[in-house]
Structure formats: structure tokens, C-alpha cells
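One chain comes next, on its own, written as C-alpha cells: the form predicted on its own.
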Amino acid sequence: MSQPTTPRVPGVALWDLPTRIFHWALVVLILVAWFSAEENMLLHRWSGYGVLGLLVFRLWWGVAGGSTARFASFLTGPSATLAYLKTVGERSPSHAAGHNPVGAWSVVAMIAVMLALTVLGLFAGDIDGVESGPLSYMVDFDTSRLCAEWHELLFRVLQGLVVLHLLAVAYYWAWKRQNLIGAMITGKSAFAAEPLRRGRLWSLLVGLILAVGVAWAAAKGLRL
């Protein structure tokens, strides 16, 4: 006699396309910036401008984008975050509509570190002044060198946050049987608490204009 099969739960839309493109484009550009830092400063700088543009877009999209991308939809206070931490060891998957409370604050931390890291890179200067950032002319030499040191330090902090992020993703996959990477690729999840409400087209266009404008202005050293 054949065994009864468990009905498959259809995926519910969780992440909109702009959020997913932002996520994977950021992964690529961070890797490019990392591996080009010592060998190709031109590529390093342009990948940094790309990261800056993506972060500007994400900040805008966090206010005017799809429901699960909005900061107001997933950021919680200390009590809700602590309450969620008590359930982390349970086998049942998270049914949060987007980021869970702990993941939400880790996302904010990574965005804040990347934004500070990128801005400091714009003002950073090397000893010879050959490979300096496009805004290094706005500060004195000692300040530009300090920016360079903090730029490197914050990248180490970012590496630590990324490691924690990957460990959390692996934990959810192995223990809770929840594929967070798959959801960020397909945009769907069987565990979404509620379906995605997508952002408006005009919001997307404004975000793209802001992202390209800020990245281009930074590349030109604000000398437009």
C-alpha cells in the first residue's frame, strides 16, 4: 500500500524583485570591492560607488517600497526582540512577514556599517595621495588618513557581521528547515505570515534616480 503524501504548501510572495536584486547585487559588489582593494583601486572605487548607490536605494525602499522591505514592518522594540530570542531554539520555522526581529536588527547593523564604510572611503587618502577617495580634497591629510584607517577597520566589522549572518542562515536551514536563501532567490516562502504588498512604480523610479544620482555625484567628487 502506498504511503500518503504530505500536501505541498504553495509559496507565498515574500520579497519583491527590487529587494532581491539589491541583496544579490550588494553581495557581488562587496566581493569585488574586497578582492580589488590591493590590486585594482579603480575597480575598488567604482564598486564602492555602486555599493553607495545600492544603500541609498535601500534606505529609500525601506520607507516607500514593498511591505516586507519597509523598516517599519520589521523593526521591533527590545521586548519583542527578547521574546523572539526565547523561541530561537524551537524547531518550528519563523512565520515573520519578512525579517524576524533579530534578523531585522542585524540587517540594520550591516546597512549602517556599510554606509559608514563607504562614506569614509570617499574621504580616505593614501600616504602618496595617488589613490585617494574623490572627496579627500575636502579634508586635511591627517583626517583623510584617519578615514582610511576607519575604512579598513569597519570592513573587518562588516566581515564579522557577514559571518554571523551566514551562520544564522545555516542554522535556520539545518535546524528549522527554513530555506532563507531560496526565498531571497525566488521571492517566495511557504512560511510567510502574510502575502507581500508590492511597492509602487513611481517609488521604484525615485529610488533608482536617487541611487544613480548619489553614486555619480560621489564619483565626480561633488564637482558636477
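Everything quoted here is computed from the prediction, not taken from an experiment. Sequential numbering from 1, following the sequence displayed.
What comes next is about the form predicted in complex with ligand HEM, which does not appear here.
Within 4.5 Å of any heavy atom of ligand HEM in the predicted complex lies no heavy atom of residue 196. Although the partner is absent here, residue 110 lies within 4.5 Å of ligand HEM in the predicted complex, judged by heavy atoms.
In the predicted complex, none of the heavy atoms of residue 176 sits within 4.5 Å of a heavy atom of ligand HEM. Put simply, residue 155 is close to ligand HEM in the predicted complex: some heavy atom of it is within 4.5 Å.
Proximity to ligand HEM in the predicted complex holds for none of 64, 90 and 201, with the criterion being a heavy atom within 4.5 Å.
Contacts between stretch 140-170 and ligand HEM, counted in the predicted complex as any heavy atom lying within 4.5 Å, involve 145, 148, 151, 152, 155, 162, 165, 166, 169, listed in sequence order.
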